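First comes one chain, alone, set out as structure tokens in the form predicted on its own.
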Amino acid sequence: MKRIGMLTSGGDCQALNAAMRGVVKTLTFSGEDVEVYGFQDGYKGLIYCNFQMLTGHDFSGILTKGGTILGTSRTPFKLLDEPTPEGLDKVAEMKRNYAKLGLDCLVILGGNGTHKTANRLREEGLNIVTLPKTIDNDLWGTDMTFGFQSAVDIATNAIDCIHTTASSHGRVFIVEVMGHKVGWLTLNAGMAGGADIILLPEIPYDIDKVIEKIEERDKNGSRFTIIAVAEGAISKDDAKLSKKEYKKKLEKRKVSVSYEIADEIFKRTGREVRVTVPGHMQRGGSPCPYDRVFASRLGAEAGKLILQGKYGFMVGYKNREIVRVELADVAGKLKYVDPDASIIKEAKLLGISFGD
């Protein structure tokens, strides 16, 4: 008998259900007797031992369902050693409940912060297997995370829809895409949607260069310009600030960076600018076919690891193959867009400006 705990932590995304389904189906079809304890609302469920027993029936028909049947919440890693409002030691409670339920393994689906906590639990002696979930595609050790492609599709569709109204009215349109620290989502959606300017956190922009591109398009007879902006995009002036100084500036900011850019463009050019923010739409809805297949493959490999009794791994994707990555090597690392990456150089060859 295998007793498996499972939880989803951090922001939700498409294909969480598909990935969990892949794990359980693999264990079930192996002939192994399995009990699945689904902890509700992420690590919070493990801390308070709030769970539900799951059967194969619970995982039937969820391949195409967005969100997570277990619910999710954020338990910041930096606050992990601070007690709960009731005075509970979070790590100690998670260890205690793991032992009380007699779990053989804990399957954790999440992004960067989730993986840091997962690695902490591994260091505390728990058997852990993780799956890489995030629309940001910023987890180190894997070329792809599930949820990313679905989010790219949604953000791209938003840019596609903006094209017609932008061209009709001859306006500058800014589409703000999710991504505080890393710009993979904005980069891919921007290129797929035919954005003229793409602003990423990794490439500080010069507003003069942005305006220069808009005016260049005007001179070439283009009636409109579309700018894809990551929510974490940063100007060259702000990039010169210390982390402390920039944090203070963000605390005083009343609007997102997209509205600041729009205001600056209007002041300098008089051009009418509109901002569109798809927001949490990018996390929602049914997973695209790619993510359904991808998450299922990751889940199957996680199930295989459990059957083999091999723990302490994140199931990742490298060079088009499913791989096992040491969890200790993943935790605390982000996969940034390299400003000198070939995809950036190729985008520039296509005439796309990055404001640099």
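Each residue number is its position in the shown sequence, starting from 1. Since the model is a prediction, treat every value here as computed from it, not as a measurement.
Not pictured, yet referred to below: the form predicted together with a small molecule.
Q. Heavy atoms within 4.5 Å of the small molecule in the model of the complex: does G183 have any?
A. Residue-level check for G183: no, no contact with the small molecule.
Q) Would D153 count as a contact of the small molecule in the model of the complex, using a 4.5 angstroms cut-off between non-hydrogen atoms? A) Outside the cut-off, so no.
Q. Is the gap between E176 and the small molecule in the model of the complex 4.5 Å or less for some heavy atom pair?
A. Close contact is absent here: in the model of the complex, E176 is far from the small molecule, nothing within 4.5 Å, heavy atoms only.
**Q.** Partner contact for D136 in the model of the complex: the small molecule, 4.5 angstroms, heavy atom
**A.** Residue-level check for D136: yes, a contact with the small molecule.
Q. Since the chain is shown here on its own, which stretch among 205 to 213, 275 to 283, 254 to 262, 239 to 247 would lie within 4.5 Å of the small molecule in the model of the complex, judged by heavy atoms?
A. Of the options, only 275 to 283 has residues within 4.5 Å of the partner.
Q: Scan D104, D218, E231, E93 and let me know which has any heavy atom within 4.5 Å of the small molecule in the model of the complex.
A: None of the others qualify; the residue that does is E231.
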